[in-house]
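Read on for two forms of one protein chain; each stands alone as structure tokens, with the labels structure 1 and structure 2.
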Structure 1
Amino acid sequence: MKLRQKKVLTAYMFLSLPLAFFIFIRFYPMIYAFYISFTNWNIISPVKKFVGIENYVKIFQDEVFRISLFNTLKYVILGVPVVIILSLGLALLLNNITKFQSLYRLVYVIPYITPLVAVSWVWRWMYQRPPIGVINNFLSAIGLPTGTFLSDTAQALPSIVATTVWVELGYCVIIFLAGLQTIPKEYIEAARIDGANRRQVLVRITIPLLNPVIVFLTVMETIIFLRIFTQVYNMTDQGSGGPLNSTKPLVLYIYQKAFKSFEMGTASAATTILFLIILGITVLQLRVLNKKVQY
């Protein structure tokens, strides 16, 4: 009995500081952000005036917020399917080869470990007009029309998506490859013996068995594209999310509201909206993944 009590005490001792951390650095700030979202507060004034849901009403009437929210959805809708499909294709190709597999795999990880700020500036340079931008130089060298990329309201957002896809590919390829390697070889061999062709094996066996990985990566990438910030901040002039707000995502809107115009209430209301979207997606993921996969 005594030893047991001592162990319980030890456990609480070991957990005390980390628990305090999670309460004061994660949990309490979340409640606090929620609270601020119902106040009118400019950070300097000691008074936080309670205004109810006024901030929420205000941001939805704010055109810039609506544009940011819409842009964020565009990032997700343009980015996530491309990342998932490309990385699944790459992982399938990598799974076909035997020699140099790890070498190829390593190369795809390079963008993932490069600081995103560095990536953003390299791409920002590559996207410049000719003769400065290497992409436009290449396009005109092979006789294709050049692009305006980041300086055009229609092309800027997809250009940032392309850079982000480049960064995220490596991560997804590796997770997909790990998933592919857990599929028992016998299943595929059995299907081949039964006369199934490559396409049938892929559609009927490989992809259904990969389903949990696909769901997991889709959710992870959705959250990553919902939280897009660093690329936009560094790839647009003065971190504005331009031209003309055409690339401004939710997080940049939050950043500007909080740390440029010090409207803490409206900024917090926007963070709450972001939180609710992410929460919804995570809950959805848990429900889909909890359904057992039928072998």
Structure 2
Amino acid sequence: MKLRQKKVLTAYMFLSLPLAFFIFIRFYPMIYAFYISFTNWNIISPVKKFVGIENYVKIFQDEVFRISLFNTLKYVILGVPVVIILSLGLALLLNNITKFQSLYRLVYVIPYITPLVAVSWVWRWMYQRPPIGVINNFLSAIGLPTGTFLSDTAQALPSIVATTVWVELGYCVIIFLAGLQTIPKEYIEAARIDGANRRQVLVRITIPLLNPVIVFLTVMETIIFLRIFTQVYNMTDQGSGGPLNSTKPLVLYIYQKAFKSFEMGTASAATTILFLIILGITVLQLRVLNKKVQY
């Protein structure tokens, strides 16, 4: 056996164990959940009776599922553009700072590394009515009407989106900053010599060259908002996704079906639908946004 073949064989031997572990942890549960979605298993009984597509028909007839699906899409539509635009703006500002840039990076990344449960409860406290809630106290102090936030069906979901945006900003700013520092300065200097102003440099040079970073963050943030759970569970009354299901996302619907109603077949069918939605949106985003730019 040649030395090169020995190196390849050794590499495969080292990779085989984590690969087997990954397949067992990731793919086996996914395939098993797909199988369970065609049964009426209730987690207590050992019997798993095959019921075909009955669970899929059942959940689409369930009004709570339809509300949860719509809420999940609203989280994505409201949250992802705000995170991407705000973090890009902050990264552009930070990229121009020479002093204390590391300190500003740390300040922005702290919410991301803070446990999400703690963040959710702090924001829940901040959204409380006066005199407890900090936000309402501030609004009262500057003469603005106070808000009902988490107790209002119209304001609850945007309030949770705001919390999630605040958490995700730090991570996206760091990734955008890394992307900005890979852009050759010669391109920007050449554009300025040709008479381009700041807006033209941003639109014609910076943003096109940041396209791979924008695609990556858009896909990742879409997946995060599609799988939103912890914030809703901790910020709504008794983790119900209320008021009146106005904040309930698909993941919370799946959790309640699986571990409160013990309808594992229905929960698995909803899980399969969520997986297909994430897969479809991710593939669509990669096809639409992933454009190669060369100068």
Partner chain sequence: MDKTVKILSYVILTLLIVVMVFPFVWMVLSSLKPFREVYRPKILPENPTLSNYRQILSYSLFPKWFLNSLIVALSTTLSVLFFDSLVGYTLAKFKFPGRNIIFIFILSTLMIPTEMLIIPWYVMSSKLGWIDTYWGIMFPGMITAFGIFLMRQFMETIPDDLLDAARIDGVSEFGIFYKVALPLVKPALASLAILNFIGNWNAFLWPLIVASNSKMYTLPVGLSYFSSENLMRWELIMTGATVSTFPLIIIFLIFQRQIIRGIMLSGLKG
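Predicted model only: the values in this text are computed from it and were never measured. Take the two forms, superpose them, and find the largest set of C-alpha atoms that agree within 1.5 Å; that set is the rigid core. Just so we're on the same page, residue numbers count up from 1 along structure 1's sequence.
J.: Eyeball the pair and call it: which is the form predicted alone?
T.: The form predicted alone is shown as structure 2.
J.: Please say whether, between structures 1 and 2, the C-alpha of residue 281 moves by 2 Å or more once the core is aligned.
T.: Comparing the forms between structures 1 and 2, which are aligned on their rigid core, residue 281 does shift its C-alpha by 2 Å or more.
J.: Fill in the domain rotation here: degrees turned by the smaller rigid part against the larger between structures 1 and 2.
T.: Rigid-body rotation of the smaller part between structures 1 and 2: 9 degrees.
J.: Could you tell me how many Å the Cα atom of residue 17 shifts between structures 1 and 2 when the rigid core is held superposed?
T.: So the C-alpha of residue 17 has moved 3.9 Å between structures 1 and 2.
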